[in-house]
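We begin with a single chain expressed as structure tokens, specifically the form predicted alone.
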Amino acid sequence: MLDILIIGGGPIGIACGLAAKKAGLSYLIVEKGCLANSLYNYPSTMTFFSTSEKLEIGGIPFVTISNKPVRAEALEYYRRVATSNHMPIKLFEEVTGITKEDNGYTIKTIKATYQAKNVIVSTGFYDIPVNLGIPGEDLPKVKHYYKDPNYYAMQKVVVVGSSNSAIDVALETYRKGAEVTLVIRGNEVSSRVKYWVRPDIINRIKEGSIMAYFNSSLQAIREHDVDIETPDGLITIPNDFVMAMTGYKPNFSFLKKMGIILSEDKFTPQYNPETMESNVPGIYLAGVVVGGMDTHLWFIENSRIHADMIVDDIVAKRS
């Protein structure tokens, strides 16, 4: 029986594995996608807000050319951390169920069954998009994920949202020749947008290169146009693609199946902030998943400490 089974092979899951190894505990990481799956699905052009030092895990240096690493550098870093430490990782193996046993848990996946005394859930939040809930959202032209701006060259693109992902999409597709319209619920571009990007989008809006509707919402999507509710009333504009950058959420149903209690307002899971143990004994939470719908509260840089907190508690219970 393993000491720990870690669900999620992203940076925090890998950090938990490193902490377990350092403590002399047996462990296995199980990931339903590729290694660092969430990072892999980030836009190919992405630059991190954090510096490389703040993305380091396990005290292993993350050396980059510039101060802020790009997606490719992060993927290579976490891959090298995993391989150089000979970490036991099962990729493309989704967990389908967890059952409590007398001395731990039985974890079933699509490929195998494992036993572990403790489980760490570090599944992130990037798998399930937050839907708009409007007519036409299921059309193929509506995208909740964005990879590369060249695909949208010379197209009429509506971008919904004002966070980093939305603003990056708007600017990058605009610079590849797209006709971009931003639809923003608030009265300004989000203050959380990267400080070197925010002036750029504000200036593009001011000069008219990118059209922006503030205090507005997308109401309906059709094959060749969309409806936008604006302060001046409902308008219809031609459209080829809708980029719904409305955020993502953790797999709450998966947490509930394990018996983890979620708050009614933001689905925040119940856990001990000193040990990261959930209300289910032996099941720990690590990374952004602890924030519920507040996915902007936790990042690699401030949740990597969860690994040591969890392993320290597991070790303390054994002594």
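Owing to the predicted nature of the structure, the values given are computational and were not obtained by experimental measurement. Numbers for residues come from their place in the sequence shown, where the first is 1.
Not pictured, yet referred to below: the form predicted together with a small molecule.
- Message: Exactly one residue in 57, 283, 255, 30 has a non-hydrogen atom within 4.5 Å of the small molecule in the predicted complex; which is it?
- Response: For this set of options, the contacting one is 30.
- Message: Please tell me which of 127, 200, 240, 179 lies within 4.5 Å of the small molecule in the predicted complex, judged by heavy atoms.
- Response: Contact check passes for 127.
- Item | Interface membership of residue 46, the small molecule in the predicted complex, 4.5 Å heavy atom rule | The answer is yes: residue 46 has a heavy atom within 4.5 Å of the small molecule.
- Please check if residue 9 has a heavy atom lying within 4.5 Å of any heavy atom of the small molecule in the predicted complex. Contact with the small molecule, yes.
- Mark residue 310 yes when one of its heavy atoms lies within 4.5 Å of a heavy atom of the small molecule in the predicted complex, and no otherwise. No, residue 310 sits far enough from the small molecule in the predicted complex that none of its heavy atoms falls within 4.5 Å.
- Is there a non-hydrogen atom of residue 42 within 4.5 angstroms of a non-hydrogen atom of the small molecule in the predicted complex? Yes, residue 42 lies within 4.5 Å of the small molecule in the predicted complex.
- Within 4.5 Å of the small molecule in the predicted complex: all of 37, 50 and 123, by heavy atom? Looking in the predicted complex, the three residues 37, 50 and 123 all sit within 4.5 Å of the small molecule (heavy atoms).
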